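What follows are structure tokens for two forms of the same protein chain, given separately as structure 1 and structure 2.
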Structure 1
Amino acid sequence: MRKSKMEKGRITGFIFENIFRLSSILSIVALLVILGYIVYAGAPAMFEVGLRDFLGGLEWRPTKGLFGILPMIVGSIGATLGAILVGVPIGILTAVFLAEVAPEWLARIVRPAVELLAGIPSVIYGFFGLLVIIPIIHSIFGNGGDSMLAAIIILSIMILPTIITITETSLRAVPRSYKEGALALGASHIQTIFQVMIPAARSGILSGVVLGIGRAIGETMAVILVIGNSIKMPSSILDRGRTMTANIALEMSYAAGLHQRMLFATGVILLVFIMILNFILLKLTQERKTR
């Protein structure tokens, strides 16, 4: 009887091991298929138009054969950088508050609210920006209100749940002995948080920041509703602009031929940006481990 149970256990383990292996293979295959198709559809068109004209061109006029995406690259990078500058400090400080400062009763209120932010559809964020943030910006600065600034504010709010959740988890994963040792040496609670806990949780915090950046640079619907969608080089955060994702979403429904392939080429550039972000994260993590 005992032998039959052991045999059954080995068979069950073998089955589940292969299920896990198959799942990982399917995930990799799905990624490769998506990457392969986008590169196959977009890369040839990119070189057909000319890499210099595509990446450095200031005009996007498909009817005239002009496919310059530099204003949209600047729009995407500008909106993402603005969201990082606003959202990352708020997110990290909120995570520190939840993990180390807030009383448990207050943390039980704030934490579900943060999780609820993650579940709100992006179009709702866009409506909020359209009906609340844009009128406020217009009342202060004029110019209609739909602008890079509106997109930055919306994206800052949207990346908060990712950064807060991952940063809090990373802080709680730091060994308790680190904190106790710092306090025993005479450091204050705040000094311990910023000089011991946060540096020790650096890898996890960076992961949260990179995921937040990926969310910001890939966001479409909310940005479309608030940024103004003007294909021009923004000179300030109060100017209207257009991101690469917004351009793809707005024009893919009616694009055909070279126009459609150039939208796929824009997707290739987005993939390159995401790959660069992940490469930077990997390098920073490796440097941290070697110290």
Structure 2
Amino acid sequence: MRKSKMEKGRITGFIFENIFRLSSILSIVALLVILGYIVYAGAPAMFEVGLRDFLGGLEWRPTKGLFGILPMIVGSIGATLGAILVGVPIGILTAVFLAEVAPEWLARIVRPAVELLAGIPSVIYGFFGLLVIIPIIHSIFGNGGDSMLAAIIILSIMILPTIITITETSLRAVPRSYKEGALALGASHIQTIFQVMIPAARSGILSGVVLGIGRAIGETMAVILVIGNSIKMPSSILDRGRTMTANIALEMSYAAGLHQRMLFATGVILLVFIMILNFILLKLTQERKTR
């Protein structure tokens, strides 16, 4: 009697174990199929056009056989970098405020608000940019308002939740003794935060930043609506530009032949960027674990 019950338990265990295993395999398979397909569809075209003309070319005129994506690489990196420059300091300071400075009742209001920010669909951010940010930029600088600057502003808001949440968590994970030690040595609260807590939480904060970069570089819909999508190399943040993601999304619907495959090739480059970021992230988390 007892034995058969155990037997039964073992069988159910076996079944469930395999269901779990299957589920996890599914996601790996999905990843591999996506990676494989993008590379399969894009890589040959990349060499057909020539890597130099593709990565170094300044002109994107698919109907003329010109497939230079350098302006878009610059657009993607520029918009992301700008968003990081604006978003990271604000994010870190907000996290410090939430973790160390704010009274609990206030943190209880701010924290859900930040989390809600993360839940807003990107197209809504784009719409907000189109209707609010762009007219403001236009009224100050002219030229229509669609610009790298508009994209930077929108993206820096979009990456805030990631940075704030992760930074706050890692600040809270700093051992209490660090803080107490610093205070006991006579450091002020602010000195303790900036010279002890933040350095101690460094790798966690950096992970947040890397995740923020990932979000900014991959963002598509919000960017398309505000950046202007011009194919010209942007030379200032008031110029219009185009990101790699925008390029793919904009043109995929009508593209055919080599043009379509070159859009996949743009995707390959984007993937390379994302993979590098993930690799950095992996290293950072490793560092955090070993400490």
Partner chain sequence: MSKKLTVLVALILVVLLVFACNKPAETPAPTQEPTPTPAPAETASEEEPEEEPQETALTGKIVVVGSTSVSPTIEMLAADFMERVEPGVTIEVQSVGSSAGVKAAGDGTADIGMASRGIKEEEKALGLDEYVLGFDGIAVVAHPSNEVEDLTSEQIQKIFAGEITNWSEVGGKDADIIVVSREEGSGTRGAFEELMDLDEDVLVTDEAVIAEGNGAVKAQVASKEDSIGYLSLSYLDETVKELKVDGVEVSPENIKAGSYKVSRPFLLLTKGEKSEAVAAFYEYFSTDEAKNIIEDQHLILQ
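The structure displayed is predicted, hence computed values, not measured ones. Heads up, when I say rigid core I mean the largest set of C-alphas that superpose within 1.5 Å between the two forms. Please note that residue numbering is based on structure 1, beginning with 1 at the start of its sequence.
Two forms of the same chain are shown on their own. Structure 1 is the form predicted alone. Once both forms are overlaid on the rigid core, the distance between the two CA positions of residue 236 between structure 1 and structure 2 is under 2 angstroms. With the core held fixed, the Cα of residue 51 is displaced between structure 1 and structure 2 by less than 2 Å. Comparison between structure 1 and structure 2 places the CA of residue 18 5.7 angstrom away from its other position, after core fitting.
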